[in-house]
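Okay, so we've got a single protein chain in two different forms coming up as structure tokens, structure 1 first and structure 2 after it.
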Structure 1
């Protein structure tokens, strides 16, 4: 199939490669010319000069951009996907974005015969590269079934969560768990240090028991090594938590753990750490700057 891919960063590169390995022809668009695009062009992908042009050429278009406003621009802008889409096109937004926007895009698409699915992923750049993403899909079941073979090229855990927006809701569930898990890891390691313990020794006592988590196992050791390089950016996590909080408010929910994590990460970003990895929250606690 002819597949379009709009927004080719580190995650996108891994996904695009896996789609090409599946025998598909790839047409790329990225706002800037970056290293990832150059590599993929050298590996056989083609390039288009707008999302509109991608939509004109492809059977299925994937999008993976930054913020909900970028998603909206990529779909609804004058050079956007909808401007170039013919009836029958399927578009899949892989961006972690707002459930409300996902519903809106599905409705707008339907008016011109375009099926839009929301399908945010979890698993990071390594998951993308190794085709081990968890893909959380919202949209019509028939379209989901048609796209299953493509999703399977990206990850092993591919689940239709419900109608339009359900993929985004599911991804928010994922991020809500992680938000509080990060607090747990950071507070625990801060306490261990203050108590005069050997933090790695405590880690060895607790990592595989009732306190165990992916956050603790993957990010705890990085915190202790002072490695704050981004796997997942602070700024993107703040975006996700903001979306989760807004949608929770729309649903009439109070989620104080999430709200607390969001506030602390905003403090961290205000300290100039927005381009660090999420494990950098440990720095805020170490600096004893946690104020509430």
Structure 2
């Protein structure tokens, strides 16, 4: 198939490469021709000059950009996907975005004969590279089934959560769990250091016990090595938590654990760490700059 991919970042490059390995032709658009894009072009992908151009050439278009405003521009702008889409096109937004926006895009697409799925993913840069992502999908079941072979090139866990917007709601559940879990991992490792323990020895004792988690196993060693390179950006995690908090308010919920994590990550970003990985929260604790 001819597949379009809009937004080739930390996770997008791994997904694109796996789709290419599956035998598909990839047409890429990115706002900047970064090193990742250049490498993928060298490996056989083709470049388009706008989201509109991608939609004109592809059977299925995937989008993975930063923020909800970027999603809306990519789809609804004058050079957006809808401007170049013919009836029958399928568009899949992999961005973690607003459930309300996902529903809006599905409605707009239906008027144009375009099927739009929201399919945010979880698993970070490693999961994208190794095709081990969890894909949470919202949209029509028939379109979901049609795209199963493509989703299986991205991840091992692919689940239709419900109609339009359901994928984004499910991703918010995922991010809520991660937010409080990250606080637990960072506070535990900080405590171990203050107590004079060998943190790696402690890690080896707890990683496979009741305290075990993906955050501890995958990001704990990075923290202890001082590796704060992004598998997932702090600025994007702040965005996700903000969406979850707004959505929770609409549902009449108060989520104090999520709210605390959001505040601490905003402090971290204010210290110049917005482009670090989420494990960089450890730096805030090490510097003793946590403000409640």
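Residue numbers count along the first chain shown, from 1. Basically, rigid core = biggest C-alpha set you can superpose within 1.5 Å across the two forms. Here the structure is a predicted model, which is why all the values come from computation and not from measurement.
Taken from the structure described as the form predicted together with another copy of the chain is structure 1, whereas structure 2 is drawn from elsewhere. Under a division of the chain into two rigid parts between structures 1 and 2, the C-alpha atoms of residue 201 and residue 112 are best fitted by different superpositions and thus lie in separate parts. Superposing C-alpha atoms between structures 1 and 2 reveals a rigid-body rotation of the smaller part against the larger of 9 degrees. Comparison between structures 1 and 2 places the CA of residue 197 4.7 angstrom away from its other position, after core fitting. The two forms line up on their rigid core, and residue 273 then has its Cα shifted by 2.3 Å between structures 1 and 2.
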